[in-house]
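Below sits a lone chain in C-alpha cells, taken as the form predicted on its own.
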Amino acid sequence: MKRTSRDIRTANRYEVLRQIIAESPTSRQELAAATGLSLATVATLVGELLDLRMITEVGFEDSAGGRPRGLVAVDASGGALIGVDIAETYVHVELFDLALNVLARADEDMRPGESRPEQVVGHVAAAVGSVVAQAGVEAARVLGVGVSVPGQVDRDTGVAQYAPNWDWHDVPLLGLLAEHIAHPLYLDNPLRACTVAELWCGAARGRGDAVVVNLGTGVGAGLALGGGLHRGVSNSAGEWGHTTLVLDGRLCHCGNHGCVETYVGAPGIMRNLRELDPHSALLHPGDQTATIDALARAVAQDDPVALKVVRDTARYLGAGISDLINLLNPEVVVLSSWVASRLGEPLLGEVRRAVARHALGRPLAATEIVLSPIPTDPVSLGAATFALEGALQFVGQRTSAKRTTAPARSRTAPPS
C-alpha cells in the first residue's frame, strides 16, 4: 500500500521520538545522524514533540569549537502508555511512562474454556482498570492502549480475523473493548509486538535484520528486515509456526498436519513429554504453565526425562530456525515469550547445537542466537509502543493543544 505524506511524517516523528527515548539526552544533530533525516526536518519534529510535552530541553553540550548544541530528553511524565498481552492462558497488562519504565502491572488468568470474546474482553478491561488505579494516573494522561492478540489481525479495523487456538473468526475486538475502555485503542499480534520490543530495547536494537521467535502456546517469527518491522502485504508475515515441519505429522488447530507449532509450542512440548513418559510427575494435564515450570525445575536438577524433552523439543525448534536462517540471513535470532523465558539457557544451548547441524555454514556464521534480554514482558512493551505510534498521528491536529485534552478515540492503527 502506498504511503501518504502524512504516513511518512508520522513514521519520521515516531523514529525521532524512539531515538530520543533510547539515547536521552541527545542533540538535534545526533538525531539527524541517527535517523538519516535532514537537520531541518528533525528540528521541526523536535519542535512538535516539545509542544506536546513529550520531550523537554535539558541544557547544552559543547560542539568542537562551534556553538553549544541544545540537548533534548524524553519527558517521562509527559504521558502514560498501556500495553496489553492477551495470550491463550492469561492476560498481562503493563502501564508505562514515556521513558518506557513500568509503573504498574496486572494479571488475569484465563482457564480452559474461557476464550469467548466477551470473556477475554472482561479480563482485559479489569486488568487495564487495575493498572490505571495502581499508577494513579489521570485518564487524560493515558495516550493509548496497545492490544496484542494471538493470530491474524486487521489492525486498521481492529478485527481479530483468525485465532486458530480459540477458533476465532472476524471478532471485532477493539469495538468490544471500546465499550469498556475509554482510551484510544490499537491492535496487533504478539509477533509484531515482540519484534518492536526487541528493536527498541532488546537484542535487535541497532541490527539491520533480525528474527524474533515467539515461543508460547502458539509459535511465530517476528521479522525485522532492513532495520524496520516487516508486516507483509496483509499484515500476516511471520506465521512460521504454521509452516510444515513433519509431513503428515501432528494435527494442528489451523487444520493442517505437522506444523512447527505442534512440536515446539507449549502444548507440543507437553505432548513430547507425554510420549516419552505418559505417567511423568512433571506433566500437569490441562495446565501448560505448571508443566513448563516443572520441566524447567527438573532440568535444573539434571532430571533425565526433562533433559530429554528439552533436547527433543530443541531438535524440532533448531530445524525450523535453520530454515529461517537459510532464508533470511539475519544478524540475530531472538528466542522470546514465556516458554523461552522459563526454559532459558538449557533450551538455548540445545537449540544452538541443533541449528549448527542443519543451517548452512555461511549464514549461520553471521547469525547470533540469543534469549530475549528484556526484563519485562516484551509483548506488553511492544504493544505500548503501538499506542505511542498511534498517539503521534494526532500531532498535526494538536500542536497547540494543551496536554489536558486527550486525543480522540481511534480504532485505526497507524502505518509503519
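Numbering starts at 1 and follows the sequence shown. Predicted, not measured: the structure shown is a model, and the values here were computed from it.
Here the subject shifts to the form predicted in complex with another copy of the chain, a form of this protein not shown in this document.
- Partner proximity in the model of the complex, defined as non-hydrogen atoms within 4.5 angstroms of another copy of the chain, places exactly one of 234-242, 178-186, 135-143, 100-108 at the interface: 234-242.
- The partner is absent here; in the model of the complex, the one residue of Arg274, His284, Arg297, His230 having a heavy atom within 4.5 Å of another copy of the chain is His230.
- The contact residue chosen from Thr289, Thr157, Asn326, Gln119 relative to another copy of the chain in the model of the complex is Asn326, the criterion being a non-hydrogen atom within 4.5 angstroms.
- Contact with another copy of the chain in the model of the complex holds for none of Thr10, Trp166 and Val351, as no heavy atom of theirs lies within 4.5 Å.
- Although the partner is absent here, Arg53 sits far enough away that none of its heavy atoms falls within 4.5 Å of another copy of the chain in the model of the complex.
- A residue is said to contact a partner when one of its heavy atoms sits within 4.5 Å of a partner heavy atom; Tyr316 meets this definition for another copy of the chain in the model of the complex.
- Another copy of the chain is not shown here, and in the model of the complex it never comes within 4.5 Å of any heavy atom of Gly66.
- In the model of the complex, another copy of the chain lies farther than 4.5 Å from every heavy atom of Val333.
- Residues of 187-210 that come within 4.5 Å of another copy of the chain in the model of the complex, judged by any heavy atom, are Gly206, Arg207, Gly208, Asp209 in sequence order.
- Relative to this conformation, an increase of 3 Å or more in the Cα-Cα distance between His257 and Asp170 is found in the model of the complex.
- Between this form and the other one, the CA-CA gap for Tyr162 and Cys252 widens by 3 Å or more, being larger in the model of the complex.
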